[in-house]
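Starting off, we have a lone chain in the form predicted alone, written out as structure tokens.
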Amino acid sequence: MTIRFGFFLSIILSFLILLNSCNTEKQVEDPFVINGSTMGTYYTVKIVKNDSLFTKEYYESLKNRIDSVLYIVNRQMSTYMEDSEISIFNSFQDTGWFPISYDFAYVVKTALDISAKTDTALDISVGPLVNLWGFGPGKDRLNKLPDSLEIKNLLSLVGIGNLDIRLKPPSIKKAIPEMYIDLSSIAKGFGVDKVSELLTDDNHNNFMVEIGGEVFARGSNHLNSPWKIGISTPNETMGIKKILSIDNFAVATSGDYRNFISIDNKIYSHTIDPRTGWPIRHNLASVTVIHSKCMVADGFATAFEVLGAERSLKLAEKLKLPVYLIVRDDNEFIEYMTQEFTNFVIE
């Protein structure tokens, strides 16, 4: 599963809210906070209290409902669960239509749409190679490089063009019986969208949802100012490179420095290029994407991480996406952003 600075972004978000609180003399009520675990990481929900809704019983039941929503997403899309929909499909050795839930089909269709826009840089069929490199479920980290022949053999199973999806009725099929898909590049973002949808349906207009660093924010925070999201420096300093003002948008950040293996004193990223079967080898350290849907921001962040800085910037400008890139240059970082991204930057 792709790592998105989850723990560190949570610290940044808490710091920004504390900073705002210290800068106002007005006594305000803190937001209601719900924490939990899901998809191998943690989630945080912050809600500005609504007097018309606020009861102790309501908020206690809300956590159970959020956990239920995220449990269903896991049951649909987690390769870490042997009896999830995706795991059953992966073990299905046939090329006929396989019935799935609508949400599962919707997420796969979104992944295919993003793949088509990014020259297949986002390829959810890359799972066998992710597993080979030791980044999949139940896999040990490697202490030596995989055999090149094994990489070549697994590449024959990879190719998003061998996957087909339909929404009515929701079904999926593969042209290669052994094909194995992995939605970790987009599922957390979908989880954020589902929780945000739940809160919106409950008439909450001011909230923030974060799962493993993927964020959606709506309305204002408890200080009646826009939600502020910090983008961290892609190293161990945990500094803040940019602060964003977000209302009714999602933010997803993908980086190469939190999840990796070291073999023979060389660092290999967890992000596998589906065209080569090898971890990405370029100087793009971090990608941040803003979109109205978190799963779309999530998917594009992974695709841009595969493409590298130059191609990503050109494509983001063509698609008019708000995108922020941090590139390593020896011991320094160089920043690039699209014009659309500048509309969200406050510092």
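Start at 1 with the first residue shown and count on from there. What you see is a predicted model, and the numbers here were worked out from it, not measured in a lab.
Keep in mind that the form predicted in complex with a small molecule is not shown, yet the notes after this line are about it.
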Please pick, from Ser184, Thr110, Asn90, Asn206, the one residue with any non-hydrogen atom lying within 4.5 angstroms of the small molecule in the predicted bound form. Ser184
State the residue from Ile86, Val130, Val251, Val195 whose non-hydrogen atoms include one within 4.5 Å of the small molecule in the predicted bound form. Val130
Mind telling me which stretch in 121 to 129, 97 to 105, 241 to 249, 68 to 76 gets its heavy atoms within 4.5 Å of the small molecule in the predicted bound form? 121 to 129
Taking the small molecule as it sits in the predicted bound form, is Thr271 in contact with it (heavy atom to heavy atom, 4.5 Å or less)? yes
Gly255 within 4.5 Å of the small molecule in the predicted bound form, heavy atoms: yes
Should Ser312 be classed as touching the small molecule in the predicted bound form when contacts are defined as heavy atoms within 4.5 Å? no
Answer for Ala316 alone: is it within 4.5 Å of the small molecule in the predicted bound form, judged on heavy atom distances? no
